[in-house]
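One chain comes next, on its own, written as structure tokens: the form predicted on its own.
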Amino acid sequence: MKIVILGLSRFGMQFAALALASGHQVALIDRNPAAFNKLPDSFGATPVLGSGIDEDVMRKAGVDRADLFVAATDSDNTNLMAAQVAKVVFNIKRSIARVHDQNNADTFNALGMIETICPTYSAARALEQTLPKG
């Protein structure tokens, strides 16, 4: 599977490492050239420097041929916009935005155009489920 990940956040890097370890082809987009310095030389992903909401940058990363786009910057707005561009402009099969605000996740999941994930909520929910019933 070809995967394009926007944002070398901890989440983005961790997901890229897992996807590569599973044998997927990964391209990484980030606008900060120093972000790519965090990657080991043997990382295996294709780095693409630029803004993840720029169609030319997305095309250079291969979004037009990808199976999955994951927007994982530290900005909910950037992630939501980039995931929508990937879906609407490039008609990508699956487009996901990582968000910090569960309200954003609920709103955009209800619209049905893109998927959202909220790791903060998922972690809190997983922890809550370990508690005894009160």
Partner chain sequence: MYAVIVGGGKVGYYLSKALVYEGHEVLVLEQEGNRAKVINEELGSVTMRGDGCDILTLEKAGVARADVVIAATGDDEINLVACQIAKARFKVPRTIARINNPKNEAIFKKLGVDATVSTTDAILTRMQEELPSESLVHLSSLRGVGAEVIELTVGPGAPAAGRTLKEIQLPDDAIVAMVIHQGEGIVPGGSTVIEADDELVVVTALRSEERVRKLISGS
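Owing to the predicted nature of the structure, the values given are computational and were not obtained by experimental measurement. Numbering follows the first chain given and starts at 1.
Below, we turn to the form predicted together with its partner chain, even though it does not appear here.
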Q.
When the contact criterion is heavy atoms within 4.5 Å, does residue 34 count as touching its partner chain in the predicted complex?
A. no
Q: Answer with yes or no whether residue 89 is in contact with its partner chain in the predicted complex, where contact means some heavy atom within 4.5 Å.
A: yes
Q: Indicate whether its partner chain has at least one heavy atom within 4.5 Å of a heavy atom of residue 124 in the predicted complex.
A: no
Q. Should residue 64 be counted as a contact of its partner chain in the predicted complex, where contact means heavy atoms within 4.5 Å?
A. no
**Q.** Candidate stretches 22-30, 78-86, 42-50, 64-72 - the one whose heavy atoms come within 4.5 Å of its partner chain in the predicted complex
**A.** 78-86
(Q) With its partner chain taken in the predicted complex, which residues across 24-58 come within 4.5 angstroms through any non-hydrogen atom? (A) 53, 55, 56
